[in-house]
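Only one chain is given next, in structure tokens, and it is the form predicted on its own.
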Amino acid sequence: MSKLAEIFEKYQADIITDWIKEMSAANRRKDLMSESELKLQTNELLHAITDASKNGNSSDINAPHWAPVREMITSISSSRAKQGFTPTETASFVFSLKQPISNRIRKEFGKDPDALFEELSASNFLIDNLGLYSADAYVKTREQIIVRQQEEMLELSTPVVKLWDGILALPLIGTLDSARTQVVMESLLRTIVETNSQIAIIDITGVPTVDTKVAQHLLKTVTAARLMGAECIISGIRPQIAQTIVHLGINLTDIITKSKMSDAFALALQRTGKTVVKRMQPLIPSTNSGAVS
């Protein structure tokens, strides 16, 4: 059994008490975590560190016997990232363990300078590595959250609307890039299959500019829809966009385009054998009780 493991086992209760005090002194976020939850995390993590220290080298936290500690730190850091803790606050949870351990090492080896220096160096190295590992785990979780939020925003920004039986509309707002085009195609194709639609109107009124890359993305979407048996109509072609398309030499001759979505919808109704007619309003009988001369 290593000397660090002996320290952890002998002074476990005292270390946990001082550890919690250290975090309180460092403006611990009581609004994000209860006292009971904090005590549970400190107890579980210190027990895991103690068990890992018994099994061999305490300087290499990547060793197999440190796997439970790494998993626990990853879990704690991930939960704190989701709860709203900052990276500094998350790493401080582990780094604040350094002083309570150092105090117990000084108490145990204060009369032996060589042993004191050796154990302090070993404990500081261990806690530094664990603290850095917690920071890495926090960053990875935050990156995953950001990516998931971006995907959700992309899905929300590309709604496929059913205008009529067999007719869909896909209003696009903002710039089209490769990632968003992929989401657009998946959403459109999925809805075409679910609704068995024959026509899809892609409205680009909210797209600020159309360059060669944006045009290529539109063509990919149209081609994918055609492969699913649906015809596409692009609406929202403003004068500026029309001039840009001509100047860039973009070939949209095989695609039906309209300046307004209402025109595209009228054409879609016509293609599906439907027409819009003006209905004559019936005369409303007078409610007056008597005639006015």
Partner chain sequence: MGVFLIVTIQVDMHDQLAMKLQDDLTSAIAKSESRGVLIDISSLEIVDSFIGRMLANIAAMSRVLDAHTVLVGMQPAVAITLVELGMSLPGVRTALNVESGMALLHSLSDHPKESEEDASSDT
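The shown structure was predicted, so the numbers you read here are calculated from the model rather than taken from an experiment. Residue numbers count along the first chain shown, from 1.
Heads up, the form predicted in complex with its partner chain isn't pictured, but that's what we're talking about next.
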property	result
The unique member of Ser78, Gln198, Thr205, Ser102 whose heavy atoms fall within 4.5 Å of its partner chain in the model of the complex	Gln198
Position in contact with its partner chain when the complex is considered in the model of the complex, options Ala67, Leu248, Leu40, Leu227, heavy atoms within 4.5 Å	Leu227
Heavy atom distance at most 4.5 Å to its partner chain in the model of the complex, all of Ala135, Thr141 and Ile145	no
Stretch in contact, per heavy atom within 4.5 angstroms of its partner chain in the model of the complex, of 94-102, 78-86, 116-124, 219-227	219-227
Any non-hydrogen atom of Asn129 within 4.5 angstroms of its partner chain in the model of the complex	no
Lys107 within 4.5 Å of its partner chain in the model of the complex, heavy atoms	no
Contact flag, Leu170 vs its partner chain in the model of the complex, heavy atom cut 4.5 Å	no
Leu176, heavy atom within 4.5 angstroms of its partner chain in the model of the complex	no
Any residue of 178-205 that, in the model of the complex, places a heavy atom within 4.5 Å of its partner chain	Gln182, Met185, Glu186, Leu189, Arg190, Ile192, Val193, Asn196, Ser197, Gln198
